[in-house]
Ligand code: MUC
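Just one chain follows, in the form predicted alone, and it is written as structure tokens.
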């Protein structure tokens, strides 16, 4: 039986400013959910967002309030082993709140997998791989700094896929920035861009043409999420893959985009999809429609990253790798044993549940009072 649900906000500074078209991050607020059950088992989930309300309609504070006030009372007293029944109740009664629902589902599944003494991936269909390629996002906005950062990552064998956050400046300036970095790094690495919806369709036509000619490998969400027809026109016009991200708020969005061939690649994010099982369904829609997959991130800490890794390890196709670098962007390590990044890959945890354990003293020191 579920005895208690606790929501914790943890503010952790980032290793450098992280500039997106919608916000510049200096601190990441992790939203952690802890579910305690009467059999002594507990599970953890995460509902971390980007840039407060700059990116989406849920903020750390709203997630905590809605879980504490509206969601937790629905679940306390229910059988925590019946994950599907718990989530069906929440999804029937609670509208929206995809990030909050994801955190609850992750915590319930973590507890159940710990109860069964199996990795979380085995509740999601079973893993097909034990390590995942991980991209690193270059988002300082300074060309020379980004090149130096990428070269350091290559030297340490941590990343050889690099994604550039653009869209805050003019198209010509952004393109020049990206192509200078591509030229410096050469053809042995993959360089991609994420526009975070900042361009008009005309800007996108001009920008993508130049980026495609310069050897850029992937263009992520160049136009606003609701402009699916424009996204489809861009996908048809260019040979460089176009990836949908913000346009995907669950499996139904994936089905709608797939029907009009609006994207070559889907970025699957567990929080944005509304949970691990909705994210899996989104991936299945993509696979059935011939759309490639990319394992996305909301720059989560260890819980959201580990949960995503367990899910992505079960995907039959993961052609464009993942972006599960969130914990590496933080100045503080919250786990007793950090997640393992080596040889350009994230090693998927193998222990029961999420396969991770918090340093509770460090967590208590950083939690928001």
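Numbering follows the first chain given and starts at 1. Quick caveat, the model's predicted, so the values are computed rather than measured.
The discussion below concerns the form predicted in complex with the ligand, not included here.
Although the partner is absent here, residue 318 is not a contact residue: none of its heavy atoms lies within 4.5 angstroms of the ligand in the model of the complex. The closest non-hydrogen atom of residue 344 lies beyond 4.5 Å of the ligand in the model of the complex. Mapping the unseen interface onto this chain, residue 228 falls outside it, with no heavy atom inside 4.5 Å of the ligand in the model of the complex. The closest heavy atom approach of residue 46 to the ligand in the model of the complex falls outside 4.5 Å. Just one listed stretch, out of 321-329, 33-41, 62-70, 305-313, contacts the ligand in the model of the complex at the 4.5 Å heavy atom level, and that stretch is 321-329. Three-residue candidate spot 137, 165 and 246; every residue lies within 4.5 angstroms of the ligand in the model of the complex by at least one non-hydrogen atom. Screening 159, 269, 192, 101 for any heavy atom within 4.5 Å of the ligand in the model of the complex leaves a single hit, 269. The single contact residue among 219, 262, 108, 299, judged by any heavy atom lying within 4.5 Å of the ligand in the model of the complex, is 299.
Residues are counted as partner-facing when one of their heavy atoms sits within 4.5 Å of the ligand in the model of the complex; in 41-62 these are 50, 55, in sequence order.
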